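Okay, so here's just one chain, in structure tokens, the form predicted alone.
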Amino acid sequence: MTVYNFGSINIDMVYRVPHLVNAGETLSSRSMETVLGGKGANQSVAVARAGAHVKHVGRVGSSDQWAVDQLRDAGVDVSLVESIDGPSGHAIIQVDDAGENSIILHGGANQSFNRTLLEVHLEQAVPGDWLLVQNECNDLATAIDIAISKQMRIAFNPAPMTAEISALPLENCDVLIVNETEAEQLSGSSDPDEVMAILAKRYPRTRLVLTLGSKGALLQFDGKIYRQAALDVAVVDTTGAGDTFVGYLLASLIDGLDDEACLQRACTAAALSVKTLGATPSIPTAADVESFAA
């Protein structure tokens, strides 16, 4: 079984600052680091480190081959990653002393897809394979349409949330993973239990997952709901924690773990990730997660 991750590849420029910059303020950073990022790349690395087979469908600027090399080194199949003229997607990330972050995104190569390209990239997919998608690449509706036609299973993390998301056929998603902000925009409620009830009624065949940051996470499917508290760890940087959660949750489902075990493993991996600076550098290996859980 293969995960085809149609997702962004970003060059992350991470600045450590005493606090997130205010409007009109000029703030000196304490350090700056350039690393591989993007929700798509992060989630591919998480899926691979969790032990599942993942092919990344993405594009980068020709000057950033090092980012593709890092994906490969992390165990990701990069045969469907293309280099193009023009800039890669990139992000400017502030991380403050509390580990919170603020991010500015530029789409770059992530916004250069079309139906022809996606049909070629997904032509080898077979029924039962997974399409994993976020919302940092263009032509998302086309990718989902192709996946449905090929009887693939779909895992969707609609981040960052936009108004266009509600028009997508979310009822065809096998897994829908949202944070509190995304959940409120989809459901109209800020109460976690009410959110789950609204979305379960709207998407009865979908495994629904709500991440709650320091308050843990919820998973609801087939009339059952599971709750997992967040682990108490020293927070260094929350960047990439949500992507780590998504990758580990999907890999755990593919491994055949039950829903409660999937949720627990994903939360453990996310907790480990916040202990390290950066996005992909912070994603733990399966051995790290098993050791920490034990």
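From a predicted model like this one, the values you see are computed outputs, not experimental measurements. So that there is no doubt, residue numbering starts at 1 and follows the sequence shown.
Omitted here: the form predicted in complex with a small molecule. The next part is about that form.
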note = Residue within 4.5 Å of the small molecule in the predicted bound form by heavy atom, from L212, L105, L117, L170, is L105
ask   = Here the chain is shown alone; which of L140, L122, V175, I93 has a heavy atom within 4.5 Å of the small molecule in the predicted bound form?
value = I93
key: Interface stretch in the predicted bound form with the small molecule - options 263 to 271, 245 to 253, 227 to 235, 38 to 46, non-hydrogen atom within 4.5 Å   = 38 to 46
query = Does E182 reach the small molecule in the predicted bound form, with heavy atoms at most 4.5 Å apart?
reply = no
request  = Tell me, yes or no, whether G58 is in contact with the small molecule in the predicted bound form, where a contact means a heavy atom of each within 4.5 Å.
outcome  = no
ask   = Any of the heavy atoms of A279 lying within 4.5 Å of the small molecule in the predicted bound form?
value = yes
